[in-house]
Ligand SMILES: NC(=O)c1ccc[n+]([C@@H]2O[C@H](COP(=O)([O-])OP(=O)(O)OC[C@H]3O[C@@H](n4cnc5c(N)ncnc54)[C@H](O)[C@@H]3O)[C@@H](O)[C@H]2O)c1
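Next up: just one chain, as structure tokens, the form predicted alone.
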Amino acid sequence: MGDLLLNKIQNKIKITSKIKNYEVIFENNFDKILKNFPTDSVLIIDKNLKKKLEKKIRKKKFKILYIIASEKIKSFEKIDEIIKKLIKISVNKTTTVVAIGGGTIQDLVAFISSIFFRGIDWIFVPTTLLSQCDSCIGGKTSINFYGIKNQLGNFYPPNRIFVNFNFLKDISNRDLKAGLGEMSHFYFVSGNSDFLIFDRYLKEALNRRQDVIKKIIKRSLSIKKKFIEKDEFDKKERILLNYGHSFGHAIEKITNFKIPHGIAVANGMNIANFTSFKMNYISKNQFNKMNDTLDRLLGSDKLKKFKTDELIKALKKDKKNLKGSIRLILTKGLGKMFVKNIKNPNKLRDILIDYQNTLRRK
């Protein structure tokens, strides 16, 4: 069953959107990707990719901005600076902006494209595992505000997405693990069949088996496609894809973003599972089954100690909260995630302390 799910995905995924339909095209020839950019395109590229791409791009004579990618670029100050540069090079309503990089470049370009002339075309070439397996589809744009992650944004999908797996050949082990950490939440949310696929292929993915990584990326996007086409604007089903993310974003905040997003999310999933266990939504065996997979994924990156009150403080600022309650996605088992509003932080504080004590005893 697992191999059937992985092998049936073609070299193109079409996404239906109420804003504009778009597609993910899998293409490993970068020169062919370049031919799909309009001649008056402006390319905004992660500066880390400059040496790798400069010669190929120079032949096409595109206008180019190189940006140092980090969470710091997702701010009004940086957006103001970039918009001034775009105006200076005569960007107009017919210009296409091309983002080449990971999730932070994507967030920056998507947000700017959505507000520039009330919306201009943009194309995305995701170059990190995390952006290829998740963020490239769904249409969310996000910037940080007053130190709170992704506090401002809207929905504005790209016109097209080109996924080139060659960008993944030399990614760091930490980025590999972060991408797999983000990817894992789709497989847990989807249900037991997909969870078993991820569990089965995790070791090979960690060992950089490119054929395996390609297949699980495509499956990951196919899972997400089902959720975003049912609930594009995050009102019902899509909310469940925030599984692991409330705790994950809080972990990023209290560690000053030193822990990569995908690794924070995988840790957040484990905390959400433990919280579900302590609230009697899953059995100890169910928790252990999911914990074993996340253990193999995280290894030494499993967060065993944190300041509980700081984490709760960060959770209280999560944008998904409603009416003063901490809004979490918990689980009743694989594929059975649900929304839980926590009105009493003290109960959660006791669970978080118990979680850390449990990990330290192992």
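A residue's number is simply how far along the shown sequence it sits, counting from 1. Small disclaimer: the values here were computed from a predicted structure and weren't measured.
The next section is about a form of this same protein that is not shown, the form predicted in complex with the ligand.
Student: Just checking whether Asp107 would be counted as a contact of the ligand in the predicted complex - the rule being heavy atoms within 4.5 angstroms.
Tutor: Close contact exists here: in the predicted complex, Asp107 approaches the ligand to within 4.5 Å, heavy atoms only.
Student: Using a 4.5 angstroms cut-off on non-hydrogen atoms, would Ile171 count as touching the ligand in the predicted complex?
Tutor: Yes, contact at 4.5 Å.
Student: Spell out, yes or no, whether the shortest heavy atom distance between Asn48 and the ligand in the predicted complex is within 4.5 Å.
Tutor: Taking the distances in the predicted complex, the answer for Asn48 is yes, it comes within 4.5 Å of the ligand.
Student: Just to confirm, Ser135 within 4.5 Å of the ligand in the predicted complex by heavy atoms?
Tutor: Yes, Ser135 is a contact residue.
Student: With the partner removed from view, which of 289-297, 35-43, 62-70, 326-334 is the stretch that lies within 4.5 Å of the ligand in the predicted complex, judged by heavy atom distances?
Tutor: Stretch 62-70 is the one.
Student: Taking Gly103, Leu130 and Asp175 as the candidate spot, are all three within 4.5 angstroms of the ligand in the predicted complex by heavy atoms?
Tutor: The answer is yes; Gly103, Leu130 and Asp175 each reach the ligand.
Student: In the predicted complex, which of the listed residues (Ser114, Asn150, Ser75, Ser222) lies with a heavy atom within 4.5 Å of the ligand?
Tutor: Of the listed residues, the single hit is Asn150.
Student: Just to be sure I understand the contacts: of Phe167, Phe277, Phe198, Phe162, which is the one whose heavy atoms reach within 4.5 angstroms of the ligand in the predicted complex?
Tutor: The option sitting close enough to the partner is Phe167.
Student: Which residues, if any, of 181-203 lie within 4.5 Å of the ligand in the predicted complex when only heavy atoms count?
Tutor: Heavy-atom contacts to the ligand in the predicted complex: only Glu182.
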